[in-house]
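The data below hold one chain only, encoded as structure tokens and taken in the form predicted on its own.
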Amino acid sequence: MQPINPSPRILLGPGPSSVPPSVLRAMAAPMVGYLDPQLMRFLSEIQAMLRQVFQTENEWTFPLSGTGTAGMEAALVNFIEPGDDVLVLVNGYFGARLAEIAARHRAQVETLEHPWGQVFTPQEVETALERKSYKLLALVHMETSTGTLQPQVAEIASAAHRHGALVVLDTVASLGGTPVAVDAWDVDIVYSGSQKCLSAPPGLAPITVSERARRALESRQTPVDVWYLDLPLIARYWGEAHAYHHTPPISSLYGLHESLRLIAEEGLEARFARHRANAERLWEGLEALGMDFFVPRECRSPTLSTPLVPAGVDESAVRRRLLEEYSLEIAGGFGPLAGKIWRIGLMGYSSSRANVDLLLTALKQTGDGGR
């Protein structure tokens, strides 16, 4: 049995993104106990830096031990009681996952649906909210299955609050790569994942919870029906009490700390500008190769692009050659988009001009080979 020694890859898919060397070095730091004073200082710094990235003052802002889906489930299960009415906006795979998880926790789920890739307007959401009183409205900011960035989140949240609903927002593929302004948008429960635009390894799910949502949680009539993702219990460890809940993934927290430090060092506005500039360079380059896009430019995410596979091209053959010849990974579509699009992520550390130019050059070389 040989030691694990994978070949390096340039990760330009929908996640995970490539990890900066300093993040990997941080994860090799010595292990400490879960109540070590050094770790407590690191945890406080992680919370402060996460608040900056989420653009919030929420006290409950911390990473959960688990992937982005753990954040999704925590955002729902803590606020849903059996029989609660929940409205989910579905325009892709992860909106559908929100609806499925809510239903599994015995919510009465209704969906407002669009074809994959289309976005919602505040007016149509308000019309849907007028049908009945919903406990939660849930939506995805950047739908990773399509590359669609939902605009007017603040207006949608305002409509939800006028009708008494809390707002759950999925930012797994947008946080750290494009603006997520939790307080300015007045959204209540927002979660993400460590492995995409934050450029830390998978395994942590940052979450932030508004005071409005905390009050709703305190008024539950039944206990949260999971223990591991019970937010009040987890918050006690991240708060001043540091009460034991579970052993946190300490090495992963080291890595997240360093990734957030790098974001603070770069500055949010500069980081957003970098993602936008690299995305536009990619779009222009792909258009020069004769490609069209699944998502219109006005709703296109700077963190994930979805060009249409040209007619006659075997998209999987192109991806295979990119991996074998360039150690470069992009992804294909799935569900109704299987074989029709590529999903190209420029997230966090992976979002660089050098990576864009390498991919465009590689596509020129491999495109004909996929016909």
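Owing to the predicted nature of the structure, the values given are computational and were not obtained by experimental measurement. Note that residue numbering begins at 1 and tracks the sequence as displayed.
FYI, the form predicted together with a further copy of the same chain isn't displayed, but the following is about it.
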Discussion item. Whether Pro223 contacts a further copy of the same chain in the predicted bound form should be assessed with a 4.5 Å heavy atom distance threshold; does it?
Written reply: yes
Worksheet entry | is_contact(Glu258, a further copy of the same chain) in the predicted bound form, heavy atom dist at most 4.5 Å | yes
Worksheet item: If you check in the predicted bound form, is Glu329 within 4.5 Å of a further copy of the same chain, heavy atoms only?
Response: yes
Discussion item. Quick check on Trp116: any heavy atom within 4.5 Å of a further copy of the same chain in the predicted bound form?
Written reply: no
Discussion item. When a further copy of the same chain is placed as it is in the predicted bound form, are Phe42, Glu100 and Ser252 each within 4.5 Å of it, taking any non-hydrogen atom of the residue?
Written reply: yes
Worksheet item: Taking the partner as it appears in the predicted bound form, which of 83 to 91, 67 to 75, 156 to 164, 282 to 290 has residues with heavy atoms within 4.5 Å of a further copy of the same chain?
Response: 67 to 75
Discussion item. Within 4.5 Å, heavy atoms only, which of Arg214, Arg271, Lys135, His105 is in contact with a further copy of the same chain in the predicted bound form?
Written reply: His105
Practice prompt. Taking a further copy of the same chain as it sits in the predicted bound form, which residues of 107 to 133 have a non-hydrogen atom within 4.5 Å of it? Please list them.
Written response: none
